[in-house]
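This document starts with one chain, in the form predicted alone, laid out as structure tokens.
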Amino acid sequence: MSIWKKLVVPATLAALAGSTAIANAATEIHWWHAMGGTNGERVNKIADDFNKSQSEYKVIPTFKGNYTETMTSAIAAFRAKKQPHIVQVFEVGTATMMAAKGAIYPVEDVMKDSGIAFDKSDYLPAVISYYQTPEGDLLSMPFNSSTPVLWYNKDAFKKAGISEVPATWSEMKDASDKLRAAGYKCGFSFGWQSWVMVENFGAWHNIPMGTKENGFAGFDTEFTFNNDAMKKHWTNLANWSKDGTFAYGGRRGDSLPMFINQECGMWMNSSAYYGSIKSQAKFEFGQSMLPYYKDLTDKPQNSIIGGATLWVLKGQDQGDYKGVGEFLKFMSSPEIQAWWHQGTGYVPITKAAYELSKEQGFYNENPGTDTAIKQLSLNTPTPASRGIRFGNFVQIRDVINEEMEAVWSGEKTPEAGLETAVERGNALLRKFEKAN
């Protein structure tokens, strides 16, 4: 049985009604999030600014740990009937949240029931489509969305005589050879490798990762990423790891120091590393779009997002949700989103915030910082590039990571690693399907 399913008891939810309303005082809206450090301070400022903008509601943000810990905390809290109004959940938790039909209050319904004007066409299609039902209903509110980009060391390029940023994988190999010849230890590295080199690789080449529109059209989906294109890519990476073209440095952002310390001249990872790179790099850097294989596609399709959205949980007094809706409207405003985007590297979730950043001269002063938006909006998303929605995907990413690491270390061939990743992944999909 789903960890959510056994919690959904309407009668107990009804018993909670009115428990959080405070007579003659601002109604408290509790927001659990996973933003620590500087980003956490920015989350607190968004809440503070909202609280100062009116007197009827008070948003109380609470840091609950990393993405996994925050989601786990929300599930446990729901079981104890102490859930927050809003919880931040990373994108790979979407299928799990969707399966909790009695526990979540779809954002589109929150706004409609609260009488708050809400136009989905204001949002970037590549962002909002990730969190919609097959019928187009929005389930959660986009907040911190990013996408992987190609970071490069401009000083290293100049030293190595590289005049153009690589646009294809063939050019990545050529540039890497020049970097190594100029004294750099490796050409490139990357992080979040399932997200960057499997999920986004498929979307960028318009090749599905699994059946049923990458899981959007049903839980009875199966992985298909053991295709010829992925075998070619993993084979290249495996070969390049032997000669120093590519160097593996860990699963998440662990390989960032290899770029910052100028061991590798290029790095592929989230656009949201902008703040970290800007504060640490002792060299001129830039960002560009991900490379592609010309023999697989004439031109790239679009990349897909990472990051998280804000989910609204049921079980609170109905009057509280008007405050939830007002806050979601506030944090989606062009001013808030432009400020958040420019300081973090996350993309602005609305077209208006993007236009405001242009008007403010941010992209002229910081060339390349609109790469993520251009990449996400390159083409209208297809069923293969809209995103992924697989159950148990947190665990499946671990499986993919394990198999990729076995290939990089030479323990397995690319073909064997891919076959095992698909086999183990499908077993977890069937487990999720059975539970939901």
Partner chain sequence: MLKRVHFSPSALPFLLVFPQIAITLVFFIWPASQALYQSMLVEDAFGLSTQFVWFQNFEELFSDPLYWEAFERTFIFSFLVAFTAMAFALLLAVMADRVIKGSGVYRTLLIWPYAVAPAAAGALWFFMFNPSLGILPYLLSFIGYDWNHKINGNEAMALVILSAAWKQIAYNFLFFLAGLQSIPKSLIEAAAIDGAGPGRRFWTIMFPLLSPTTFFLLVVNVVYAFFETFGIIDALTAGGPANSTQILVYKVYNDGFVGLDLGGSAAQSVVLMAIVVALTIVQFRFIEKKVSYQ
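As the structure is a prediction and not an experimental result, all values here were calculated from the model. Numbering follows the first chain given and starts at 1.
In what follows, reference is made to the form predicted together with the partner chain, a form of this protein that is not presented.
The stretch that touches the partner chain in the predicted bound form, counting heavy atoms within 4.5 Å, is 400 to 408, out of 400 to 408, 380 to 388, 26 to 34, 39 to 47.
Of the residues G343, P125, P334, G102, just one reaches the partner chain in the predicted bound form with a heavy atom at 4.5 Å or closer; this is G102. Note on the partner interface in the predicted bound form: the residue among K231, K329, K81, R251 having a heavy atom within 4.5 angstroms of the partner chain is R251. In the predicted bound form, the partner chain sits beyond 4.5 Å of every heavy atom of L139. Among residues of the shown chain, T96 is one whose heavy atoms approach the partner chain to within 4.5 Å in the predicted bound form.
Contact between N364 and the partner chain in the predicted bound form is not found at the 4.5 Å heavy atom cutoff. Using a 4.5 angstroms limit between non-hydrogen atoms, Q318 is distant from the partner chain in the predicted bound form.
Counting a residue when any of its non-hydrogen atoms is within 4.5 Å of the partner chain in the predicted bound form, there are no hits in 147 to 173.
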